[in-house]
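A single chain comes next, written as structure tokens; it is the form predicted on its own.
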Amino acid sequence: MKNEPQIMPNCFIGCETPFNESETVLFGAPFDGTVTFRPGSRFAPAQMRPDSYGLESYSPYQDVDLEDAKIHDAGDLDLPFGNTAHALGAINEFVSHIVQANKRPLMIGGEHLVTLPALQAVYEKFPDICLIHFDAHTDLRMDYLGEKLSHATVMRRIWERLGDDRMFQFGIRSGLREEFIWARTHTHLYPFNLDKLEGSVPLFKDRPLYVTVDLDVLDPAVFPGTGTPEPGGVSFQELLHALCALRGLHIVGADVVELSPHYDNSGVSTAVACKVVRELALTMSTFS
């Protein structure tokens, strides 16, 4: 019998559990219709799936394997690139389906605005939810060039749903002066690094959490493949340590956004993004 050519599975490594048997549902939201600098994050989910096979499904950091975590890869949503409202509505509808099936959504963006409809859907089931936000940017503008729906405004729109004292922002090092002033009285903003994350963990005990990772929280020396690189970011090891510090918490939804793979032809940024997804997926699976 002749050797047949191997075809790469069209799913993220270790995420082959059928939907009905899964506890976490991974899916792609390939949308970047409101980016303020360099587009391209809509190509991230499709690029990450084949590149994930450069990893192992086992994490030696957490001593857990994706194949034991009951994760289903549902593929990418088919989103209308030119219609922001319809794209956000499709994401909200799909995440609602996941949550109503008593499963956890893990979304791969796409730009950061995709977090808004996902969190809104999770909020409907968990109205006391808190948000942990890793990012280089505040994303707290009231509008961007008159547009209220933008990846530069996403955290302000989320605050309008959650209210004060339920958003915890880490690694922030860029934004308007007005955003930083506003955050002092409305969010918990810990700028420049992730040092305060571990000390904040007791605040989240028994609270449902949504975790959003904008990959530009990483220094562009580690992660150049993003639309808005911001020098001065954290290392991969620092982000990994922060994600592992969340083990055992009640994470009911999460996302990883803002990889734009074609800005890093080496493929290193995509590899970093895949590893962040793996570690976050495994962190989510540790709640009991």
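All figures in this text were calculated on a predicted structure; none of them were measured in a lab. Note that residue numbering begins at 1 and tracks the sequence as displayed.
There is another form of this protein, the form predicted together with a further copy of the same chain, and it is not shown here; the text below is about that form.
Just one of 143, 165, 124, 93 comes within 4.5 Å of a further copy of the same chain in the predicted complex, counting any heavy atom, and that one is 93. Residue in contact with a further copy of the same chain in the predicted complex (any heavy atom within 4.5 Å), chosen from 103, 173, 156, 186: 173.
For the three residues 161, 205 and 239, a heavy atom within 4.5 Å of a further copy of the same chain turns up in the predicted complex in no case. At a distance threshold of 4.5 angstroms between non-hydrogen atoms, residue 196 is out of contact with a further copy of the same chain in the predicted complex. Contact between residue 54 and a further copy of the same chain in the predicted complex is found at the 4.5 Å heavy atom cutoff.
Although the partner is absent here, residue 20 is not a contact residue: none of its heavy atoms lies within 4.5 angstroms of a further copy of the same chain in the predicted complex.
In the predicted complex, a further copy of the same chain lies farther than 4.5 Å from every heavy atom of residue 70.
Residues from 241-276 that approach a further copy of the same chain in the predicted complex with a non-hydrogen atom closer than or equal to 4.5 Å are 262, 263, 265, 266, 267, 268, 271, 272, 275, in the order they occur in the chain.
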